[in-house]
Each structure stands twice: as structure tokens, then as C-alpha cells.
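Taking the form predicted alone, here's one chain by itself in C-alpha cells.
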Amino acid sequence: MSRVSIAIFASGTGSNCENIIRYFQSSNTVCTSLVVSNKSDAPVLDKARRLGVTTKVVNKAELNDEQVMMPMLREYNVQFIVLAGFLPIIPDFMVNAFDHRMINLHPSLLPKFGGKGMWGHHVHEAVKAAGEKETGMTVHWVTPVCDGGDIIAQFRCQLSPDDTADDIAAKEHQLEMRHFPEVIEQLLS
């Protein structure tokens, strides 16, 4: 039985990317064949390389060029894409080519605090400002609507009125580390 080849797209430090790669390192069903970033200095690239995963950097023009992206994804036999802190909007040609084979992690309980400009600390600050009693993470299918795809899974944590945006981020990140690889595994099994 051949393993499902995934690509992880990430823009930042890559803690989720590293967690996913490590989770599937000894898997008989899933392998991480490629990590793509839009930033040449993103720490995620070094983490992926140290774990033996090929990396590619694509600029905005390349990301939006079907003649660049699709041959690259075919070269690495990518069958499923995981967005793990990837900030650029995915072009429609990729969304269509990977319909129900591309997921995104969002650091709130969608539909709250989603959409353009709502990523990372912006989300946690908005959760704090709204006085939410809980937050969490959402895994959803990627569609042409930013953060608008059907929800696959959500995991929650309670918040205290004393929690800062940093505290909220730390609580939500623990959920990501614990649950994101498991959700990917369930989808691919």
C-alpha cells in the first residue's frame, strides 16, 4: 500500500509543520514530501530540512502561476495539502485541483474571528477584546472564500478574564499541537 504524500505550506516558525512531520515520520500511510513557504527566511524551512523534508520557496507571482505550482506539486506526487500558518491566499486553480484535499488550521472557533487579515496574534487580540469565555482551533476545507470552507473539526479551551492575548495564544497553540496531526490522520485513513 502506497503512502499518501502531503505538502505542508507554512510562512513562519513552523511549530505545527514540525509537529506534523514528526507525527508521520514512522507512518505506513502518510508521508510529508514537501514543505512550501512564501518566505525564504522562515524558520520552518530549516526545521523541515533538518527532518529530511524537501523545501521550496515561492514568491507571490510563482504561487499564483499555475505553470509553476502544479508541476512542482506533481513532481513531489502531492496528493493532499495542509496549510499550517501559511499567510497568502491560495489561488483558485490550486483550490480547485485539491478540492476536499486541502485543509487549513485557523486559531479560533470559526466562523468567529475569521477572514482576511485574521491570522496569528490578530485573532487572539480580537478574542480578548470580545471578552470570549472560550476559544479554540478550527480545521476546515480550503475554498475560494477565506476561512469559509466547511468545518472538519474544532477543539475548545476555556479562557479566564485575566488571560492576555499571549495567554490565549498559548492555550490555543496547545490544542494545535495535540489535535492537528490526529485530524490529518483521520482524514487520510
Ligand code: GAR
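Quick caveat, the model's predicted, so the values are computed rather than measured. So that there is no doubt, residue numbering starts at 1 and follows the sequence shown.
The next section is about a form of this same protein that is not shown, the form predicted together with glycinamide ribonucleotide.
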{"property": "Contact assignment for glycinamide ribonucleotide in the predicted bound form, among G131, G120, P144, G52, heavy atom within 4.5 Å", "result": "G120"}
{"property": "Exercise: Q25 in contact with glycinamide ribonucleotide in the predicted bound form, heavy atom 4.5 Å", "result": "no"}
{"property": "I90 within 4.5 Å of glycinamide ribonucleotide in the predicted bound form, heavy atoms", "result": "no"}
{"property": "Contact label in the predicted bound form: G14 to glycinamide ribonucleotide, heavy atom within 4.5 Å", "result": "yes"}
{"property": "Contact label in the predicted bound form: L105 to glycinamide ribonucleotide, heavy atom within 4.5 Å", "result": "yes"}
